[in-house]
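Presented as structure tokens, the chain that follows is alone, the form predicted alone.
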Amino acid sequence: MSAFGKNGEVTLLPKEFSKLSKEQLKTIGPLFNKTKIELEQAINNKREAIRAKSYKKLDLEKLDLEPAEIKNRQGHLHPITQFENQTAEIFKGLGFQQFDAPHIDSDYYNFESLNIPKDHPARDLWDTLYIEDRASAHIDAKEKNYHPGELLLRTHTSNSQVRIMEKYKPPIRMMIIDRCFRYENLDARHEHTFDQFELVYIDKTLSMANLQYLSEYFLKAIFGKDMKARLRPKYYPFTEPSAGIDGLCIFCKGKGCKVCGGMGWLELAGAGMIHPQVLKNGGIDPNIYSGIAWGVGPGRMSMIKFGIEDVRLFNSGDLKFLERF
């Protein structure tokens, strides 16, 4: 029990004084008061001593409120953005301008205008994501060749080809760098959402020789002057003839390794001469003009350039991975 306080021994003791005689009270009363004062003084002195000791300790443990030096972390562009910017600068030097087309588009621009009619087996090359609700698409109701219920997330940047032809007259030099969407089974080389880079080049007397030059010019700018390019026959419904663009394997310099499957070459891009029907759909006479469509996947190109084994890392948000670039 405490000495002071409401129920302290010193506080309750005077209640017992009524049992004392007057003579006893004359002696005990002053003694009690003196003792009480001395106890209170001793307690106060102890409190002051503790406070002083605490203050001294606090003085030794001063809180430093000066602003701490913050490590200056400088951000940088995403590796795919770096690659796309470099690619755009390369072709700007050849007179190409950038063009944008909708992410949500009509079946006409994504397929039909590109010589891929309904039920054509070539549509199986793309795992398309269709949109039923037109109200969410925000496409102008007056847009040419729009068909209700046939909206989709574009599967390639080639939905820009006929749009470009409708808007501009030849000669045309345009490039498209943007996002595409497909229903893919994800693995180290496939993503459902990815970027594409594409050229649309229309002029008189263009040929596969121009395509070969553009391919080698680009690959040398990206991978160095020792890079070589070759054209290999391939099929695309909107180009005729079509070609796969192979680059000399940067890992084995053409000798053959595991990365290139012993071939000495890596498939890097797809291209071809724009199909005459596609030119007609864009309002351009194929008897006067010819065109080149040339495309590459920035993700896969960046994988080769930076030595990355899994394309999914680019969109993972992993800072440890992204800070490497």
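As the structure is a computational prediction, the values presented were derived from the model and not from experiment. The numbering used is simple: start at 1 and walk along the sequence shown.
Below, we turn to the form predicted in complex with a small molecule, even though it does not appear here.
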Quiz item: in the model of the complex, which of 27-35, 258-266, 280-288, 293-301 comes within 4.5 Å of the small molecule (heavy atoms)?
Solution: 293-301
Quiz item: Do Gly270 and the small molecule come within 4.5 Å of each other in the model of the complex, heavy atoms counted?
Solution: yes
Self-check item: 4.5 Å heavy atom contact, Glu198 and the small molecule in the model of the complex
Solution: yes
Quiz item: Should Tyr236 be classed as touching the small molecule in the model of the complex when contacts are defined as heavy atoms within 4.5 Å?
Solution: yes
Practice problem: May I ask you to state whether His156 is within 4.5 Å of the small molecule in the model of the complex, using heavy atom distances? | Solution: yes
Quiz item: Considering Arg182, Lys220, Arg173, Arg123, which brings a non-hydrogen atom within 4.5 Å of the small molecule in the model of the complex?
Solution: Arg182
